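Here you get one chain, nothing else, as structure tokens; it is the form predicted on its own.
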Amino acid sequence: MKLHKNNIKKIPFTCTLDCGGRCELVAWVRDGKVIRIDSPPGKPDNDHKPRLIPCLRGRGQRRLMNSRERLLKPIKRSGARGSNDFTEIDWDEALDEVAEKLRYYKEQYGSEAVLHITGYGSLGGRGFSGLSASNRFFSFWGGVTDTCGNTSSWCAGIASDWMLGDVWGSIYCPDLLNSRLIILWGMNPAENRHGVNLAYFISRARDKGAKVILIDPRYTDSGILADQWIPIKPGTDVALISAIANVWENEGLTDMDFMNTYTTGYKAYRKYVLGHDDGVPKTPEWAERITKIPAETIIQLAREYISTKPAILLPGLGPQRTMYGEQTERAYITLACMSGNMGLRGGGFAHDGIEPRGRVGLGNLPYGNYRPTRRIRSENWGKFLLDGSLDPSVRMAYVVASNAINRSSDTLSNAKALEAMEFVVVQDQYFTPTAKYADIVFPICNDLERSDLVSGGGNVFYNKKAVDPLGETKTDYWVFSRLAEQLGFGYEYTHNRTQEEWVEFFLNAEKLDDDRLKQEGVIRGEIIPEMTLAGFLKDPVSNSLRTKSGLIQITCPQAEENGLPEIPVYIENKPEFPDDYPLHMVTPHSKLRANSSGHANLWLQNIEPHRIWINPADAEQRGIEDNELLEVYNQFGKMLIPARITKRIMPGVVCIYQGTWFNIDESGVDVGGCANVLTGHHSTPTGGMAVHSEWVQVRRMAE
């Protein structure tokens, strides 16, 4: 912390949003109020250790903490669930009632009658906030019903595990400066971080002569980094990959030395792309009908990819959020192996640009002996509550740092599921749509109102409390400490330490340079520029993978066990009602929010008003004008949202950014523009999110 003229204190911190990065920020504080958020000046900035520059979400923290949606006192429901009818109560009354309910449901029905829902509203701490604080609490209390699964990258993780025996690592960002070709396949680092400096290094690589190709249904903000945009129909990525592989095989371009040395099962995939089994060669002409990409463009892409070295394939996480997302991820890995770029500096495959680094060790708060008795999927938890499949049934829900009904598929059903609960507790900073369905809501501090140690990207950040908490807000740790005391395990949860005392304990125990950490706000880990699978590629025998063969598995027995083909073939993602809902909908993450965190920041929302992207051809067919209020609907729900007519999205596809808050009117129509009102509870064969496999219809309000 530094004291400057005009009595301004400059306090370093990092925000804990689930955006894919951890950045350096500085809060300017005067007279106990945050007056500005900035990045620290004068920091070293080089390719080896670039500055951690924040995005507008991080810079918007001041306005977010003063949002009109901010919760400042505990409240209790006094009207119907889903309404705004709440009354303020004091902390003792709120804590007493929640503790009493936890005792009651555990004694009467068992601890699994309580559903614990948490999310990614507060990441990177040692067990003080959000997910980690609530997980710790229930580890001492009892085996609850919990939510599980990674809604962001489930299929990517599954495919990597099947094929590589582990999750594929990240790219060392400066290594992109060695690239001559960068393929952004559904990757949008200009809006969704994928690592703090990934977009910066892509731009640098392009300045050095690398070509950048963007493959995406939309010309995203990352299009400014690209030399070529190839629009692709959502859910058809595997067809395009199959056609590229077909070109390589027919022209003898596949890196067979790599495939024979490091992979197993490639012969089966080769037979598929050449059509030896089904009589259908996966030619560019075949893929053109499916992907809507001209055959000549596919041929150009195939030849350019295989002949330009080093080339790197950077897929985003959007394409794997489709009905057969496992196949998409398996096809990406297969193509990268075939390309001859594995093991080359500036080449290969990676999902993000969080540089591999030497870790700065930190301890964590102790956990208890209980683990969840059963788990249900995070993306469709509402389905399990409504279909009667849980025995014994869930009667109480405890929701922490998660706008659960908003962020998961099929928002209307999720709302019904919470509405049917006997008792609901929500612990959050804001009066979210989920909070409206609670019986008790606890108001929580934000990052600037509490001290914490935050880790991310191999770095450690010290978040010193910058200002006193607004209103009567408390930390998650404080809330669970008080509940733990009432329920008989207060010492086990706290060891008689406050959050600030725990922070000092970790600093001393790990022998960190705490003076430097407190002064600068961060200790950065030493970068280890190690390539993905480096040991395996050097010696596949001594450093075999944790797969059945020890090699990269092109054919996967696990896929067949989950109802998928053993090789990454294209499976058509058919609409359920093609005549009624002809427009394919994508729901990407927004640069203005991290999931739904940030919706309450009106400053951010005014930067780019929330609208549905629609191609001029689709708009003209329906008589739609720009900014006109539209009805968008399908079998799951209906919303009202203004139009954005733009050539930046391909015909037949519409885009609604994910994360704006659900707001139902008296007729059952969402007027908040929540994308998950139009998504269903279905999932991929292994349980991944399939939100990019939905179709809608759009019409003018006057019709």
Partner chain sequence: MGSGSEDGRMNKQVFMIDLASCTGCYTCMVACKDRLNLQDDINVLKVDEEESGNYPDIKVVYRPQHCFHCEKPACTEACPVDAISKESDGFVKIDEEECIGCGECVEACPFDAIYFSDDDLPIKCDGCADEVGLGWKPVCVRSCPMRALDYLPLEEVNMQNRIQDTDFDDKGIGPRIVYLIRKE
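Residue numbers count along the first chain shown, from 1. Every value quoted in this text rests on a predicted model; they were computed, and no experiment measured them.
Another form exists, predicted in complex with the partner chain; not displayed. Remarks below refer to it.
For a residue to qualify, one of its non-hydrogen atoms must sit within 4.5 Å of the partner chain in the predicted complex; none of K73, R136 and V467 qualifies.
Interface residue among G265, G521, G142, P231 relative to the partner chain in the predicted complex, by the heavy atom within 4.5 Å criterion: P231.
Listed residues I37, I641, I664, C655 were compared with the partner chain in the predicted complex; I37 is the one with a heavy atom within 4.5 Å. R407 falls outside the set of residues with a heavy atom inside 4.5 Å of the partner chain in the predicted complex. The partner chain in the predicted complex comes within 4.5 Å of no heavy atom belonging to H682.
Although the partner is absent here, D45 is a contact residue: one of its heavy atoms lies within 4.5 angstroms of the partner chain in the predicted complex. In the predicted complex, none of the heavy atoms of G672 sits within 4.5 Å of a heavy atom of the partner chain. You can rule out all but one of 482-490, 186-194, 99-107, 444-452: in the predicted complex, only 186-194 has residues with a heavy atom within 4.5 Å of the partner chain. Residues of 642-663 placing a heavy atom within 4.5 Å of the partner chain in the predicted complex, in sequence order: R644, T646, K647, R648, I649, M650, P651.
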